[in-house]
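One chain is shown next in structure tokens, namely the form predicted on its own.
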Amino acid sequence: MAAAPPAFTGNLKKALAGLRRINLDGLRWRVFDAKGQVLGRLASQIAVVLQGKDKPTYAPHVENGDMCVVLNAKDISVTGRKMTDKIYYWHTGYIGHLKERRLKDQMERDPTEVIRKAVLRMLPRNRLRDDRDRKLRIFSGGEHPFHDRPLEPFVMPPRQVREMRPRARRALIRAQKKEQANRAAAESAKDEEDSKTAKAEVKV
């Protein structure tokens, strides 16, 4: 006997909002695990599935994308210093009320909006955008209320790592050698100080 799925403890009303306006006949339920995934690469794959570009029946004016369920949004990762340098801007409409929020603060406040904004900004700005947004369901943890649906885990394509260019490789080697030289100089200076203190103690 199969174990019962864990009960969903989140906001059920928000999780099921807008499902009645979606024609679910023939749609696939694709599950994305965001744990450890890079934000931009994950968002690009979600945008492809939402638009139906992975189907042979794709047409830019027809909405035939699949449902996308994203789990573990709180464990998403970013490259470089985007966690502190990336800033979201919005305006309230009042004079001088330009608001801003860093990616780190947004992750603490609501990590689901980080993925939603990244995906929506990769979609065409047309009449189909709202329908595609309704097909995107994002959860900060691993719990979701769609266990009764035929879920299909999405396998992320392997990342193609480009070979480092010769100039960048030489710069990296120079930086490593410089770091090693600085470390050796620091160790030698420390040894000299230790020897001087030892001699002073002997004289005393």
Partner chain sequence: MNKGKIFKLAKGFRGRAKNCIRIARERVEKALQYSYRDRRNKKRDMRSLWIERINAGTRLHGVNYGNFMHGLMKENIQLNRKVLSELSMHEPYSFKALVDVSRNAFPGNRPIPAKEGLASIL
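Numbering follows the first chain given and starts at 1. Predicted, not measured: the structure shown is a model, and the values here were computed from it.
The form predicted in complex with its partner chain is left out here; the points below concern that form.
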**Message:** With the partner left out here, check for me: in the predicted complex, does some heavy atom of residue 60 sit within 4.5 Å of its partner chain?
**Reply:** yes
**Request:** Answer yes if any heavy atom of residue 165 is within 4.5 Å of a heavy atom of its partner chain in the predicted complex; otherwise answer no.
**Result:** no
**Message:** Since only the chain is shown here, I'm wondering whether residue 153 would be in contact with its partner chain in the predicted complex (any heavy atom pair within 4.5 Å).
**Reply:** yes
**Message:** Residue-level contact is defined here as any heavy atom of the residue lying within 4.5 Å of its partner chain in the predicted complex; does residue 35 satisfy this criterion?
**Reply:** no
**Message:** Within 4.5 angstroms, counting heavy atoms, which one of the listed stretches 173-181, 35-43, 48-56, 140-148 is next to its partner chain in the predicted complex?
**Reply:** 48-56
